[in-house]
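Before any questions on how it binds or moves, here is one chain, the form predicted on its own, in structure tokens.
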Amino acid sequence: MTAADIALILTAMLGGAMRVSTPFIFVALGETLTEKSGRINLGLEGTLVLGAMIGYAISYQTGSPWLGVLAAGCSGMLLGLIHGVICSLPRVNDIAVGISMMSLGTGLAFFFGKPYIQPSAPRLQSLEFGGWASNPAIKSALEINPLFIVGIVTAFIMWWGLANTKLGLILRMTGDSEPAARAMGINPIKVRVVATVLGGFLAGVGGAFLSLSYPGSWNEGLSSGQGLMAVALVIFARWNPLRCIVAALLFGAAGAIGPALQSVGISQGYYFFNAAPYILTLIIMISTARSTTAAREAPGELSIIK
């Protein structure tokens, strides 16, 4: 393998990491927002799939992919609202509800999405940062979707807002100690419902990226468990929005290894490298299961640590 091949692989991995990481960023940020309020939402896999279908359908019907992105976010808000309201009822387990919502989201997407498997919808146009390169592979690797930039900006806004605003303090207080929040006159139920709804919106937008940018089509196997992997990513990121970016890029780079090697003619072990994100998820879950740091930084009201 020559130095040029190595450079091409690294460039392809960089471009692939940005593409593959984008839905991870949105789902992880949505789950971070939800868990910061003291609630876990395992239903974001269903939100991701439903968002992908709704975004593709609206883009096809209206000719506007950005309307599709907005509609996908709204579908995520609806599932988040249902999840938040049900979990607010007495003696309801949020993990069980999340699993049910995952089934509901995927079921709705599969049922209503069948007419949109074949038609071609307008896709989100990427920003080309590789115009200086003569190599087509490098040009392709440096095509960045606007949603990736939106995700980065959203992460910085969330990070700043959680640390420096009254709303951020209310959210963190609710997630860390419900009695303390009630003592300050805060309604934890309202805070958690709002956080779950906004988290659903972000996850829905992540789903729209899958169908309107990369891979850029709607089919029933589109998500491949990315919504569930994002939960592990949030734990790995220690509930920090900026760390979510790094963790998502790490997952994205793992998912880009196979295509990057194939770009220079290395096809042996392709399917093994495609499994890298799932292997990484397993390693993260094992390594964080007994991590005292993760337990210390987790919101105190989360059911997974009680």
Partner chain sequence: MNTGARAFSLETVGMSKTFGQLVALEDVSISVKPGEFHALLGENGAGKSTLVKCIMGFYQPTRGHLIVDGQEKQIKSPADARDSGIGMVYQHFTLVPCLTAAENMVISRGDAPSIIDWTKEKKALATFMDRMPFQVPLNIPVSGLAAGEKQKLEILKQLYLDQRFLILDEPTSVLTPGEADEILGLVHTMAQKGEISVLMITHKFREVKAFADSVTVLRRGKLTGTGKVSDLSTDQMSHMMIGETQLRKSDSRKGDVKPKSRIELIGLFVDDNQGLPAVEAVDLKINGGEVLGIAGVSGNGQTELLEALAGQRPLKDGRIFVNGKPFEASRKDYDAFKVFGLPEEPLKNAAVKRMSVAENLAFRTFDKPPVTSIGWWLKPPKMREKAIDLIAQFRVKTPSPETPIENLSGGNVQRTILARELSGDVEVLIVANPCFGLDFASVAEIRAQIIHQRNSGAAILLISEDLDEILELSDRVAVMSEGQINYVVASAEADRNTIGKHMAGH
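Positions refer to the first chain, counted from 1. Owing to the predicted nature of the structure, the values given are computational and were not obtained by experimental measurement.
Below, we turn to the form predicted together with the partner chain, even though it does not appear here.
The partner chain in the predicted bound form is approached by N164, whose closest heavy atom lies within 4.5 angstroms of it. Remark: R123 does not count among the residues lining the partner chain in the predicted bound form, judged by a heavy atom distance of 4.5 Å or less. At a distance threshold of 4.5 angstroms between non-hydrogen atoms, E143 is out of contact with the partner chain in the predicted bound form. Using a 4.5 Å cutoff between non-hydrogen atoms, S217 does not count as a contact of the partner chain in the predicted bound form. Three-residue candidate spot M173, S177 and A180; every residue lies within 4.5 angstroms of the partner chain in the predicted bound form by at least one non-hydrogen atom. Residue-level contacts in the predicted bound form: of L81, V92, I149, L169, one residue has a heavy atom within 4.5 Å of the partner chain, and it is L169. For the options I189, L127, I86, M184, the residue carrying a heavy atom within 4.5 angstroms of the partner chain in the predicted bound form is M184. The candidate stretches are 110 to 118, 155 to 163, 224 to 232, 71 to 79, and the one lying within 4.5 Å of the partner chain in the predicted bound form by heavy atoms is 155 to 163.
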